[in-house]
Each structure stands twice: as C-alpha cells, then as structure tokens.
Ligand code: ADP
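Listed next as structure tokens is one chain, alone, in the form predicted alone.
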C-alpha cells in the first residue's frame, strides 16, 4: 500500500463517514474485540497453570476462572451484537451499492456518459459482483485492523519475557541475554520471510485474477446473448451454435488454466505459511521451556508467551495478506473516487428563459464548430444558420454528416467548441440549464421506454394528468391500442415486474416515446428517425397527423427517408459538418446537389 492507495481508500471511507459514522465506529470496536478476546483465554490458561503449580486453593482457582470466563462472556456478547449490526450494514450497502453511482451518472454532464474512460471506471467498480466496493473494503479493513491489534497485543504480552531474560544476567545467567537477542532475530527473520512470501504469492494470484476477469467478461457477453430470445433468432437461422460452443470451450480452457495457476500459488503460499508457523512454534516452545528450566519464567508463562508469539506470527501473515487485498481494492477505490469527483464542465447559467405568450423563439447558430472531447476531428465546422419557433424543419444527410450532433448541441447535451448558439439573442450557456431543457421535447432514435405504468412513461413522472396523457397517446397514433387496455394508464409496460404487464411491439414503443414528447408540450419538438420502427401504414399515419401532433411548435425532424420531409417548409442538408443546401422540397428537388442525388436514389422505391 503506497500513499496514493491509502489516500483513495480513506477517500472512499470518507464518502461513507459523512452518512454512516456509526459503521466506522462499529468497525473499529469490532476489530479490537476480535483481537483482544482470544488473549483473555491465553492469559487465563497461564494464570491457572501457575496457580495450580503454586498450590492455590479451590476458591482462588474458581475466582481466576470466573473472572476470565466472565470477561470473555461479556466481550463475546458485545462482539456478537457489534458483528450483527456490522453485517446488517454490509448487507444494506450491498443492496444499495448502485444508488450513489446511478445518482452521479444522472447528475454528471452528458459528455461523460459517452467517454470511454469514464465508462471503463464504472465497469471496473462494478466487477465486484454481488458485493459493493464499500462493503468489501470495510470487510477487509476489519480483518486488517484485527490482525494489527493482535500484533500489538502479542508484543504487549510477550515483552515482559524478554525483560526478565535480560535481567537474568544479574542472577548469574550470562548467556540468557545473548540467547534472547538471537531468538528475537530468528523470529523476526521468519516473520519477514512469511510477510514477503505472502506478498509475492498474493501478487501472483492477483495477476491471474486479471486474466480471469477478461475471460469472465467474454463469458458474460455470450451469456447475455443467450439469455434473450431476440438475439437467439440470428443464432439459429445462421447456425452459429458451433461458433458459440467453440468460444465457450476456449473460455473454459483458459479459465481452468487460470484457476489451476491460482490453486498452485495458493498451495505454495499455504505451505510456506504452515512451514514457517510450525518452525516458529518449535522455536518458541524450546525457548520458553529453556527459560522455564532456568527459572526465569514460570510454567504458566510458557503457555502464555508461547501462544502469544504464535498469534503474533500468524497475525503478521494475515496483516500482509489483507494489506495486499486492500491494495487491490485501492485500484477500484481510485476509480470510485475519480468517478464520484468528476467535475462539472458545463457552464451553469443563471438567466431565466423568457416566458413568451406567443411561444416564439429565435435560434441562431453563430460560427459554431464542435469536436468531441479527446478528438481532434471537427464534427461540425463554422456552422451558421437561423430559424424561428413555429417552423417545421427537416434535417437530412448521409451517416456521420453531423445531424445528431447538431441536435445534441441545440439541447445542450454538449457545449460548442467554438462559436455560440443563441436563443432570442442570448448565448444558451447563460440560461438556467433546467429551464432551458424545458424548451425541448425530444424523441431520440435510441429512445427508451421503461418498465413503469404506461401513464408514468408518457408523463415522465409519477404525477399523471390522465386527460393530457390520453390525448398524447391518441395524437401519437396509439389511441385504438390504448382503448383495448383493461388497466388503461396503469398498465405496466412489459412483464419484468408485473405478470399482468403488456408487451408492446417496437413500433408501439416508439409511439409511446412520441406521446411522451407530445405530453411535455414544449416549444421545440425534435424527432430523430421517429418512424424507424413503424410499419408503412403507421408511418403514413404519423406523417398525416404530424401537424396535429406538433401544432404551432417548432419541429425538427431528422430522417434518412426523404419522402418524409416533404411536409416540412425548411430542409437542411448536412454534409461533413456543414449545411450545404437549404430550402423546401420543391426547391431542392430540382437543384443540383446532394439532396437531388439522395432523392433520385430513393425515388425509385416510392409509389407515385
């Protein structure tokens, strides 16, 4: 554990301390109890042996025993209560392990969500499987503190033995001092060997675990494919079973090889520890016996000191082991701390958005250029255009021409790299972000419909205006389907959580997403390929009812199907991050350029 590892670990615990200080207090108390309690039995055994050897009466022996057993009982009860509370907290943290991460992901700038490095941090944090990072760190820290306190307790118990042996020079035992120093040096050497061996073998196991994590990721990928029925259609039609079987056999082969390596290193580690422990025990009992024969310590002290030294060597080995485990944790703790501390890059304005009765807004892209973070390639370059609320605008162009990026900038999912976007003459970065977002109702191509009641999906919240929701569903073309639902707006979308839920088709889900945009009643309605999942009849229905859907709002419509753009008064043709043509369908259809090329390429498929 280096300085950075400790810093990340304490930062992780600091995140916990602000909300659950009782857990940390419980952790320290439990560790001390677990370390101290075994020494009561060791000291009690030695005391009773000495008392019997010296001829103490039954009353004294009973008193010693009652005092020791009573102390152990009280500590055991306290430890049981503490560990019950501690384990309950660990289970609680295991259950809520995703809440802080999910909360952070919902609050962070959108650009982080598309950042490969940030996504990698999140994946590494979640590789702990059923255990949360916080819970497993606390568990290992508990064992580390217990082992460390055990070392301290053992030294405190054994120290008097060396003091007595050194003072024995005055009693005529000249060689006892030299013998004590030599014994201590050998014990420390054995402890050092055990410590280094444990670190070495644990390091080797950690390297193998990294290999296993890669194979586990591959296995999870294939299992996710096989778990769903949708993806298995291709598997059967294309007869890919043999390919998957080969992949699983390859994964199994490498997993077995890695597990065998781990077992090999674990056996060597265990053999080293057992050998060192056995040899240490042999030396301890020999040394303690010699001191007892010399009259330096009593017979009872032999039991106490020997047991304490053995606990010392065992605790040193466990300290090394859990230090190594915490070092592994520290890597993930670093990812967690960096993820949770991701700073806000987006400028937060304070100006409220103008509330206009007529809903009119003037939008201007003023020399806007943009490249994604970490990329040197401009997706949009020196873009200049203006439009008014109330217009119907279509955006067309080849894949990668900058259409979706244009929408992301308008919605402030990203801020421009150069230039600025203005609404009513004001840089949109100066507006209050939450109020600015209220201007837009968007249906993205990769829209999401959640396993919530239908009404909550449409309203995007638990409070649902039934009349507005039903009107939105009707205008989105889902009215007839909605009227057949027995539970109406309370119908659960999907069967993930409710057996009575309804499985909607892809096209119906897209209509739900369109209804959600209608329900929001925002001045801007943006639709990115809104009919991609619809059949031709439904697509025609959406086109025919488009005016009814958006009313007098500004609608921006992104589509690869140029026939769907004919109802728009204004068409922007994007190519290589620039608007190269602009006009109505009638104007662009006969104008030499990209639009005409795209139209003629698709026109042969349209019915006249």
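Numbering follows the first chain given and starts at 1. Given the structure is predicted, the values throughout are model-derived calculations rather than measurements.
Not on display, but discussed next: the form predicted together with the ligand.
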Listed residue that, although the ligand is not shown, lies within 4.5 Å of it in the model of the complex (heavy atoms), from 295, 98, 400, 203
400
If the cut-off is 4.5 angstroms on heavy atoms, which of these, 311, 408, 509, 520, is the one near the ligand in the model of the complex?
408
Residue-level contact is defined here as any heavy atom of the residue lying within 4.5 Å of the ligand in the model of the complex; does residue 149 satisfy this criterion?
no
So in the model of the complex, does any heavy atom of residue 500 sit within 4.5 Å of the ligand?
no
Does residue 133 make contact with the ligand in the model of the complex, using a 4.5 Å heavy atom cut-off?
no
At the 4.5 Å heavy atom threshold, is residue 391 in contact with the ligand in the model of the complex?
no
In the model of the complex, which of 400-408, 73-81, 269-277, 435-443 comes within 4.5 Å of the ligand (heavy atoms)?
400-408
Residue by residue through 367-387, which ones have a non-hydrogen atom no more than 4.5 angstroms from the ligand in the model of the complex?
372, 379
